[in-house]
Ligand SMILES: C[S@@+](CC[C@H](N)C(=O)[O-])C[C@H]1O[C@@H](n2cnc3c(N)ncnc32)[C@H](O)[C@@H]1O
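Quick heads-up: it's one chain on its own, the form predicted alone, in structure tokens.
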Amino acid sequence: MLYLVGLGLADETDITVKGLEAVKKAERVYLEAYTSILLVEKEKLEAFYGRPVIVADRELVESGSDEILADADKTDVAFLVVGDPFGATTHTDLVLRARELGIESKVIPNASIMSGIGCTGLQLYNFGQTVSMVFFTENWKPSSYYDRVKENVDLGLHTLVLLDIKVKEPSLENLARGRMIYEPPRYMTVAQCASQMLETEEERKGGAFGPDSLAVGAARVGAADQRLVAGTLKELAEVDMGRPLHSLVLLGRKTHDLERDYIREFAVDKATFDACWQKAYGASS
């Protein structure tokens, strides 16, 4: 059996009882470590699970799936995914490969950022399409995400923006020279995301958002030091929310007064928040 086990959002204790049982009986345990990270080291997972954990980088998962699936028709293999296996990141390719090899698979779900972002007090059924924000470079500033945000804005829906992480990736220069020398890990911050969004709007000029657009930054969702900050994109572009992982939610115009009352508590500046709210939504939503 191949078990795809969701680990939740924060630390080693977020795994479900069912997931822990699968891990403890598995012959091999892999940790997918390139689409997201837990907020604890691998050694803490191993101590809590009582099993050695093999870190699976992008190359192993995408090119070495046969290694992961080896003998999984005869023994149990656990593939651990931060959040939910089919949440923000899907691993249907691994399940399809297992199916081709006649290997049975079972998915054990857990909380992901897609549900955990409810900690902002924003109603999940008022969210539109989720988008991803990648690190801009001097010569590469992709803005395809903007069109989906604009669709959400036109419908009055919130937009969850997932922020880029770079783990065990070579620089473009090293890649061009065929050298697999990896860059240090990088994790996008709320400030970087807000700044890049404003840069995109300046280029696209579609009116999807602007410096006074209200948004909520979320850091380390589910952890003991979880932090939320509400404010304009201009304010969030200056905020320091500490260590990763970060996410951002752009508010839609259908934001309810109850949502406003909840997030106002986390405002960078309540007077600015109130003024921008009044301008965008009026006295009531």
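As the structure is a computational prediction, the values presented were derived from the model and not from experiment. All residue numbers are counted from 1 along the displayed sequence.
Omitted here: the form predicted together with this ligand. The next part is about that form.
**Asked** Tell me, which of M197, A78, V81, L214 has a heavy atom within 4.5 angstroms of this ligand in the predicted bound form?
**Response** Only one option qualifies, and that one is V81.
**Item:** Position in contact with this ligand when the complex is considered in the predicted bound form, options T232, S65, T255, S36, heavy atoms within 4.5 Å
**Value:** Contact check passes for S36.
**Asked** Can N126 be called a contact residue for this ligand in the predicted bound form at 4.5 Å between heavy atoms?
**Response** Answer no; every heavy atom of N126 is more than 4.5 Å from this ligand in the predicted bound form.
**Prompt:** Should S143 be classed as touching this ligand in the predicted bound form when contacts are defined as heavy atoms within 4.5 Å?
**Reply:** Judged by the heavy-atom cut-off of 4.5 Å, S143 is well away from this ligand in the predicted bound form.
**Asked** Using heavy atoms and a 4.5 Å limit, would one call L251 a contact residue for this ligand in the predicted bound form?
**Response** Because no heavy atom of L251 falls inside 4.5 Å of this ligand in the predicted bound form, the answer is no.
**Prompt:** Can R260 be called a contact residue for this ligand in the predicted bound form at 4.5 Å between heavy atoms?
**Reply:** Contact with this ligand, no.
**Interface segment, criterion being heavy atoms within 4.5 Å of this ligand in the predicted bound form, picked from 143 to 151, 198 to 206, 70 to 78, 107 to 115** = Every other range fails; the passing one is 107 to 115.
**Prompt:** What residues, if any, in 228 to 255 have a non-hydrogen atom within 4.5 angstroms of this ligand in the predicted bound form?
**Reply:** Result: L245, H246, S247.
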